[in-house]
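Quick heads-up: the structure tokens below are two forms of one chain, split into structure 1 and structure 2.
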Structure 1
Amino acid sequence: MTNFTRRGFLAGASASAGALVGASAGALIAGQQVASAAEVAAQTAVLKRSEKFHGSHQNGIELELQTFTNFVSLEIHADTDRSAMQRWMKLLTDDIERLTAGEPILADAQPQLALGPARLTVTVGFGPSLFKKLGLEAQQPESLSELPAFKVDALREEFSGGDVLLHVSADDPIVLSHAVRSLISDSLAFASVRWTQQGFSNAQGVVPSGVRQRNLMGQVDGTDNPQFGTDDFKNLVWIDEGPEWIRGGTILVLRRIAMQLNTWDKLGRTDKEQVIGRRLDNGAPLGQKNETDPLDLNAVDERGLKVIPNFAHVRRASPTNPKERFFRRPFNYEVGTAADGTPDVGLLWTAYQKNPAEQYIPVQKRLDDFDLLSKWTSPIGSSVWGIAHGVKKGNVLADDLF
């Protein structure tokens, strides 16, 4: 099974369509039971956990996945100038301070929905188009520019581009919904919404902590990543040069990648594992036992064939030099299901890095040339964002940009 060709793959596809992986419903809690204070505390632990907002980096990046996410792209009004941007960022800073503490914003239309922190984070970024509109080209880092076109692209306007990004995540969907609406309400004087993209990962308490989750192709996703709190992470992700506002920030590439699950699930388990180069049950590299065992791209089996095939996604995506790495923080999306049962699902795929030209783009080009996985996946949205550095207490977001 190791010497697949693209064609052999299609021809040899098994007929059994695997069960679709849906977002599983949360456990029901018996409403009638009288709970003790300790039980209530345990039952609401997910709500009570909070993430800090202030710091040298914005939060929501070097952070274990939250369960729910929403990427909100905004387009500024024609009359929004730099001083308007300052006023907007002031409002957002105050809002984010309150929301991450689990509190309503000022003048909250629905304070009762601010149930608690639920690890809410809000990460604010700026698209290349913003700098042109505001005449701020001098502040635009070289590393922040539109991506080149790739052969695999099937991009749609309604999922691409934008001037300002608000990336909001939380462990509770109601807390998230309230935060997103609050932030959008306070943005409407300055901008309109271009698109929103909602996603999810595993619920809290379902997988071991980290940035890996099950994606809807059934794979463990997010394994091979720089580790939090290491120099490796810092050197790959956090920018330390260029305009002041981006030092301590990073560049985010966000791709909406649709999955064709109905054809994917015609493959049997072994075929699926070959496409990625990792086992489906626990995410271990083929030929290894555990998820975190190192990839051995040179390993061969008893017939002398490569254990991780040439077309495997992890081989194609592996760095060919130490610079070609970045941090991925993947969320799934699921929008609905067509009459014929085809689900509209995929990944909100993210890459955080200092400079896409040296990190993401070479890898994407290699996958563009050949990656068997792209038979069942296609990028339908794309955007690039300069994420400003973090906010110190008493300061305002991106105060050295506008």
Structure 2
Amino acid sequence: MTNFTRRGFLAGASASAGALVGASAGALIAGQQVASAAEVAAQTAVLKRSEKFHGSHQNGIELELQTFTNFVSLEIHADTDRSAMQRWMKLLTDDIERLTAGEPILADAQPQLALGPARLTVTVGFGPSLFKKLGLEAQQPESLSELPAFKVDALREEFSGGDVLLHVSADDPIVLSHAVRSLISDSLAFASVRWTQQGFSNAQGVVPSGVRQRNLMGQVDGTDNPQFGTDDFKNLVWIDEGPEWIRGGTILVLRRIAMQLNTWDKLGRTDKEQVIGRRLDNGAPLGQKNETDPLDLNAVDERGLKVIPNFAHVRRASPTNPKERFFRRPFNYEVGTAADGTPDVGLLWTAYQKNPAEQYIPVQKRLDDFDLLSKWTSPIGSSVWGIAHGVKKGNVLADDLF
């Protein structure tokens, strides 16, 4: 007579059940449907996607927008010298390598929150003020300097300036929060937080890859950007001369632009399109059908009036020479609503380029002179950052700067 044991019976039953589960979409355990391996993989696909950290350029620039972002500006302590900066960058490099792989940092206070990579990227930059503090003026590129004052500016200290920038983005808010906390924690021995600014874009799966998001004014945002991987992108964005640490890097202009949606929302569609110079439904220039159709600034309607008005934003922003272009990677922000229903919303507007003096500033000066859109928008934060080149495996961030 065969001796059946409870353990043997359960083992055999488990094996049989495993075969059945593998052949079906799922199984019931304690009355609950359990997803199959394929279903779990599909459900966690966003979490498992990753962006490589090592390369000629820092990540977080030449790629599709992540859903969530956090810009962190830090000011170095009075006793933080070049040697301390080297230690800090070495620590950050190790942290970023781990976090972008979905792993906790060393001595992580909350390792269980390192759920996965979720396309996490961390981009590190340095403000003009840092070079004076450390006596590194000889290493400061000519293209890295504070912006001039503009008439439209209503800048606030809590959104402007800083010595070191950590720009952290991911497709999951918990992964992002954990990474930001980890990076700040490992930075406090060298610097204090000056400000943080959080933003968002469309969630993954809402719009197809390559389709631009809309800002909170309803506009398609980012039209006429250089395409990834092209010579056009390379020639507009990546620096190939000057100090070694910035070759393969870029200059980032970050502007926090508040939007007055309460009054904007009172305009009709035609008025909004006239202010912008583009159709609201698909972003096409007025008088054209598709978003990527060229601007025709000379077109007139049957009344002899310009199809794109003189005051339209796109006319004022349109390049007057081929150098006046840059790569934009903006995120929306929303941080609350006043008692009267006024939302505190806007855009964390970014422009990546070789030289703002040749690319961004001429465009902004034209907008500063005459742009009807400025009636509903106001820059309240501004900063400029030199983004170091990428990191090869075994090397340290900005090791040739400090």
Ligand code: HEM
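In this text, rigid core is short for the largest set of C-alphas that superpose within 1.5 Å between two forms. Just so you know, these numbers come straight off a predicted model, no measurement behind them. Please note that residue numbering is based on structure 1, beginning with 1 at the start of its sequence.
The form predicted in complex with the ligand corresponds to structure 1, not structure 2.
Superposition on the rigid core between structure 1 and structure 2 places the CA atom of residue 304 2 Å or more away from its counterpart.
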